[in-house]
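The chain below stands alone and is given in structure tokens; this is the form predicted on its own.
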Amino acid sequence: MSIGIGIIGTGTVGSGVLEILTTRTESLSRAAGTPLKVARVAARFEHELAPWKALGIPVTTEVATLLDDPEVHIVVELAGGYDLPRAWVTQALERGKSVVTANKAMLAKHGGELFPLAAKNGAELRFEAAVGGAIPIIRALREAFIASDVNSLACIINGTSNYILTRMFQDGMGFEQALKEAQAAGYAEADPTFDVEGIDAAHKVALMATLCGGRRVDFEKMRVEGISQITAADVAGAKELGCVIRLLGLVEVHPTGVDARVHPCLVPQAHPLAGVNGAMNAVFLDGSTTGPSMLYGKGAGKMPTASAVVADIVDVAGILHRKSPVHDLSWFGGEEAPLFPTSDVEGPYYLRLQVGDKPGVLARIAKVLGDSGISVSRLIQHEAIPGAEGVTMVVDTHVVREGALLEAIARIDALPETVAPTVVLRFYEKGVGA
């Protein structure tokens, strides 16, 4: 039996998948245990299809034609977005066709309905490329860690943000300068909001948190912060503390719920995640039976992501050929996991305050922190810069409950001497020396 593959989307990743499928057909078919063929390719415009039409592959500008094609057994959705891909994937699954996708946004939003639909119709729904590109984290969570509970997970899962923070750390750039360089290098979109505000990372973290906790995590309810408020002063402060700043996705499973969030953290340079630079990605796991381990690699890009897509295609083709039972992830549509309140999270914090250069300010801030039961490990007031509004004050706290800290920050920001909102960064120290 020959397994036919239908590709929706011929952009960066789609063209990479087609290159691999058309140049490695023999070895991929051998790995699947059955012949593989590209049965049809769909894209919006004829000129996007021309290279594949020239190879003799059936093409169409109508996705419905691809979905109706009886020669297509596996639908590969690589167009991106929410609603149209959701409709295509729904139609494919309703017809019993298996689906491979790299669309983390669609799955984070609609996985609760799509995974049960796949199970109901005896179809696979695979998404390795949706999280971490070439890093096989989804397979690791589903298979390699099956005998181990994931105690905690920390990840650098957005290459754009990591590239920007790396440039700020290594070259002393401000955020805007580093962002422009990332855009010029092709790492950031013209509108970088999804990347720099943590939304892209939140989609991926929600999927990983769901697999870790066994109940669906709603990314729209997660605490999500980006890196646009990080300044060169914060990066310099991190250096003084022997840390780097990284945008981390964090997951921890508690008896009362799942702690899943995305925000910048100060990471000690001794931690494995601190050495993840540029556009690279990494996932640091602490398992109950495995201990700490880290998966590292390219989290985006044409061929790394295409490689993950093709690996899913080959795996699904083998399942279809052997008529093996499909992986049942219908529980994605079941009970939603309660999110552990971030107000109850405890840890040390870094605060950057901008206050008026007046006598008594330091004492007022210290009193607010003391009245809130917040113990300070370090407090530095920088020299005033001529022409600048106020002075910068940096505070590092001992372990404190986040709810208490944020209440104190609200009172500090309400002081007449405070000239800008306080920047709050958390330290991440689990696994130092691992």
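Worth saying up front: this structure is predicted, and the values here are computed from it rather than measured. All residue numbers refer to positions in the sequence shown, first residue = 1.
Only in words, not in the display: the form predicted together with a further copy of the same chain, which the text now covers.
None of 72 to 80, 232 to 240, 318 to 326, 350 to 358 except one has non-hydrogen atoms within 4.5 angstroms of a further copy of the same chain in the predicted bound form; the exception is 318 to 326. At a distance of at most 4.5 angstroms from a further copy of the same chain in the predicted bound form, none of the three residues 208, 335 and 341 contributes a non-hydrogen atom.
Within this chain, residue 423 is remote from the site of a further copy of the same chain in the predicted bound form, having no heavy atom within 4.5 Å. Contact check for residue 145: a non-hydrogen atom falls within 4.5 Å of a further copy of the same chain in the predicted bound form.
Taking the partner from elsewhere, residue 307 is found to have a heavy atom lying within 4.5 Å of a further copy of the same chain in the predicted bound form. Interface residue remark: residue 113 is not counted as part of the site for a further copy of the same chain in the predicted bound form, having no heavy atom within 4.5 Å. Taking a 4.5 Å heavy atom cutoff to a further copy of the same chain in the predicted bound form, the contact residue among 228, 152, 183, 277 is 277.
Site annotation in the predicted bound form: the residue of 257, 192, 136, 268 reaching within 4.5 Å of a further copy of the same chain with a heavy atom is 136. Residues 20, 24, 28, 31 are the ones in 14 to 43 with at least one heavy atom within 4.5 Å of a further copy of the same chain in the predicted bound form, listed in sequence order.
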